[in-house]
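Below you will find one chain, with nothing else, as structure tokens; this is the form predicted alone, and questions on how it binds or moves follow later.
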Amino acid sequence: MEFLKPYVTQIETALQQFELPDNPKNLYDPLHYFLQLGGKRTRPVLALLACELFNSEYQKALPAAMSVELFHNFTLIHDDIMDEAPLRRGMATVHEKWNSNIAILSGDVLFVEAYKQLMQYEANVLKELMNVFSQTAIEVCEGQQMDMDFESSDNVTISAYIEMIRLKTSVLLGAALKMGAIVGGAGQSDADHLYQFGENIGIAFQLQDDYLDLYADPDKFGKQVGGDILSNKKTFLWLTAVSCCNNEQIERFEVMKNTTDKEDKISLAKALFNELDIPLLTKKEMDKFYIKAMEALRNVSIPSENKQVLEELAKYLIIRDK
């Protein structure tokens, strides 16, 4: 994605210049560590791209982009605690390197810092940004709670799962685009269509993430491959497999679910999922939301050629291998 490098560089530079106190060290050292782990910076880049659609001075959206990125990292730190994840981007998670209490407090600081970034805007723009950002923050928490509730429920539907990932993952992509558009001076309709574009591409993005969790190259993925299977997490792949199983396959599914050897469990899951064409069904579901995203983008009232960068980014997000 060479065409995104200038935007990513802007974000990386802003993160390097982002100042945090030195003490207490156990509060701030984890944040210095986590923010330097890297990442695709997709969400803040979306804010810059959306602003540029309406205003050539896209750097005006940098505080909004930073707000989105800091909030996203806050959610990752806390999600890793709840998921008991050992790795993030191939490195130890904050709660593993320090402890859970430190990770909670450090994450909280990022949440506050995300709001502070928005305070750089004038009152009329600030009000719109705060409305979008605050609603999104609540929805992300709702999605995370749904995700945790699903762990103890045997009645999770595919539609409920899609709603969960819409809240937990995709609304933040939509918010990044809408916030960038607001800073750029877009009208309400265009800002809303960009939000819908981000929301739908975000669902496709998460479905791809579900797929990669089991089928990715472990050297590229940066996380433990098969982690969702090992924790019996009810992803789209899992729920679709349950809905497609015959009686004999249900029995094999139960054996897989209760297998304690990690390699055996992942191997059994792959064999059963392949037999049920779960990779193909997942790709079809991704395509459905990708098409919805493209329809929303077409409704944004700017020249088609100006939308090409978002079109290319959307394609990349759903064909990525890590």
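Small disclaimer: the values here were computed from a predicted structure and weren't measured. Numbering starts at 1 and runs along the sequence shown.
The form predicted together with a further copy of the same chain exists for this protein as well; it is not shown, and the discussion that follows is about that form.
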property	result
Proximity of Q249 to a further copy of the same chain in the predicted bound form, heavy atoms at 4.5 Å	no
Close approach of D228 to a further copy of the same chain in the predicted bound form, 4.5 Å, heavy atom	no
Contact flag, Y161 vs a further copy of the same chain in the predicted bound form, heavy atom cut 4.5 Å	no
In the predicted bound form, H78 touching a further copy of the same chain (heavy atom, 4.5 Å)	yes
Heavy atom within 4.5 Å of a further copy of the same chain in the predicted bound form - the one residue of N101, S153, T157, Q188 that qualifies	N101
A92, L212, M82, V242 - the one with a heavy atom within 4.5 Å of a further copy of the same chain in the predicted bound form	M82
Among 192-200, 174-182, 133-141, 234-242, the region lying within 4.5 Å of a further copy of the same chain in the predicted bound form by heavy atom distance	133-141
Stretch 88-124: residues contacting a further copy of the same chain in the predicted bound form, 4.5 Å heavy atom cut-off	N101, I102, I104, L105, D108, V109, F111, V112, E113, Y115, K116, M119, Y121, E122, A123, N124
